[in-house]
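Have a look below at one chain only, the form predicted on its own, in structure tokens format.
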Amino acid sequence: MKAVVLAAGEGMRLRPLTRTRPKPMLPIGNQPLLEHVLEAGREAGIDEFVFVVGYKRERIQSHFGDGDDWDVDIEYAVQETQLGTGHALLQAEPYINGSFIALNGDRIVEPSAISAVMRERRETGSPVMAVTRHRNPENYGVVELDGQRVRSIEEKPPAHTVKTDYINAGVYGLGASTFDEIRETDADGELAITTVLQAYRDALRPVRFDGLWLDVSYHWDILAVNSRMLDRTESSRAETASIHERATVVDGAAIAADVRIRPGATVLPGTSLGENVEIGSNAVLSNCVVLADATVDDGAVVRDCVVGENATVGANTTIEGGDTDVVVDGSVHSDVRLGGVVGDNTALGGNVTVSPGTVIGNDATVESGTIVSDWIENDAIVRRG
């Protein structure tokens, strides 16, 4: 059974990080998010994949190629315009003959969930979707069940109307007839898979599971999911990483190739350092995702932060971290753990203070001694005073 992996979206809520890469290529434990999805499918017994790509698709295709490095076959379907997950799935039709699994390319699930959906599809021949419980179901597709059928699916309903904690887990077992259903479904604007599945009514069967299910929708999710995945695996240190004997790197950190960690530096749990990252003397990092070629200079303190590719955090700069309230698309998200985001190619000078929840765009410059907060645009130059 083939797997269709939907990986065409941009992830606008994750800008500026997604201005130069598609959301599925954001790093989790020094692996692209999409790679975790691929590995879960492979462990479930799938060896043929169709990646539906679109936004910045060359980043995905150059990384995964034909799948040989993972002992699988990968084909690519292209969604030229992002018109929703239903429309994206339709682009895979030429590659599918019979039953298939559909997966979201930005959600990490346990292989057992994929295996269970495959088994249910084979045994019943019915359309199948995985469902799991979540403490905030209103943020996802809320699924009402009636025994062994899905009664309804509602995307992000008002919290006061939610009567169940089951949500759509983004794993589907479908057949070729699904493509006809997509073509016959009317939609204003983007067409979601869940809209199409409503057409199946009593035929849609749920597979319940309570294992690992991780979603990346916001900046703080990158940190939470990265930390969770590091907790589940042994600490990794590339052989070509250079860690000074007077540096401290605790368990629960991932250190990629050619990383350099100078004397007195401390790397605490939940931190991933990408390839060719340099950490200066006496710097402290905790719960951070640092992308390739970035530099954290001497004495900097960086907590609960995503540092973009080729970015620089200057000497004695402080990104203090902690819980804060963040506004995204007009909605307030309370008590989320986000020290900040430093965009690709952005340079923070020395002795900069970054307030919790700050997002600094790509190619920005923040001069020494500055205090920054809120949202700093791409290419901005921020001066003290």
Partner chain sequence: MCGIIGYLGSADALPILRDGLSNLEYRGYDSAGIALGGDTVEVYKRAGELSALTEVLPETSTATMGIGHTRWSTHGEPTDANAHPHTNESGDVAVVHNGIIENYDALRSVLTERGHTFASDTDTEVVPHLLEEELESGRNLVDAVSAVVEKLEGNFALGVVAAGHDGIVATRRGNPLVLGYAEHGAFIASDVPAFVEHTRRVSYPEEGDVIHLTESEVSVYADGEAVSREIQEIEWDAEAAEKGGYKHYMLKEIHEQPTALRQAISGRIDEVKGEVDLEIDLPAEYLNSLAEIQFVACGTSYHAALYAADLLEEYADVRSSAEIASEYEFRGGRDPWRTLVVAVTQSGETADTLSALRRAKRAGARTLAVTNTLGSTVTREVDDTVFIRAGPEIGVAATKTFCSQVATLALLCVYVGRARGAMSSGDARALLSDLRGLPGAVQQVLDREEQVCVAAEEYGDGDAFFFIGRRLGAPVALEGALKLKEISYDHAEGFAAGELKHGPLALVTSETPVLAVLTGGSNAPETLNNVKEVESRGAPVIGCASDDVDAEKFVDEVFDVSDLGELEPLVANVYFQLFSYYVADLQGRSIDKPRNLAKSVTVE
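Positions refer to the first chain, counted from 1. These numbers come from a predicted model, not from an experiment.
Heads up, the form predicted in complex with the partner chain isn't pictured, but that's what we're talking about next.
Q: Would you point out which of 318-326, 351-359, 64-72, 37-45 contains residues with a non-hydrogen atom within 4.5 Å of the partner chain in the predicted complex?
A: Partner-contacting stretch among the options: 64-72.
Q: Applying a 4.5 Å heavy atom distance criterion, does Glu120 contact the partner chain in the predicted complex?
A: Although the partner chain is absent here, Glu120 would stay clear of it in the predicted complex, with no heavy atoms inside 4.5 Å.
Q: Spell out, yes or no, whether the shortest heavy atom distance between Pro94 and the partner chain in the predicted complex is within 4.5 Å.
A: Yes, Pro94 lies within 4.5 Å of the partner chain in the predicted complex.
Q: I'd like to know whether Asp106 contacts the partner chain in the predicted complex, with contact meaning heavy atoms within 4.5 angstroms.
A: Asp106 lies outside the contact set for the partner chain.
Q: Taking the shortest heavy atom distance, is Asn276 within 4.5 Å of the partner chain in the predicted complex?
A: Although the partner chain is absent here, Asn276 would touch it in the predicted complex, with heavy atoms inside 4.5 Å.
Q: Please identify the residue among Asn139, Asn310, Thr266, Ser152 with any heavy atom within 4.5 Å of the partner chain in the predicted complex.
A: Contact with the partner chain in the predicted complex is made by Asn310 alone.
Q: State the residue from Phe179, Tyr200, Tyr76, Tyr218 whose non-hydrogen atoms include one within 4.5 Å of the partner chain in the predicted complex.
A: Looking at the other structure, the residue within range turns out to be Tyr76.
Q: Is any part of 43-63 within 4.5 angstroms of the partner chain in the predicted complex by a non-hydrogen atom, and which residues would that be?
A: Read in sequence order, the residues that approach the partner chain (within 4.5 Å, in the predicted complex) are Lys56, Arg57, Glu58, Arg59, Gln61, Ser62.
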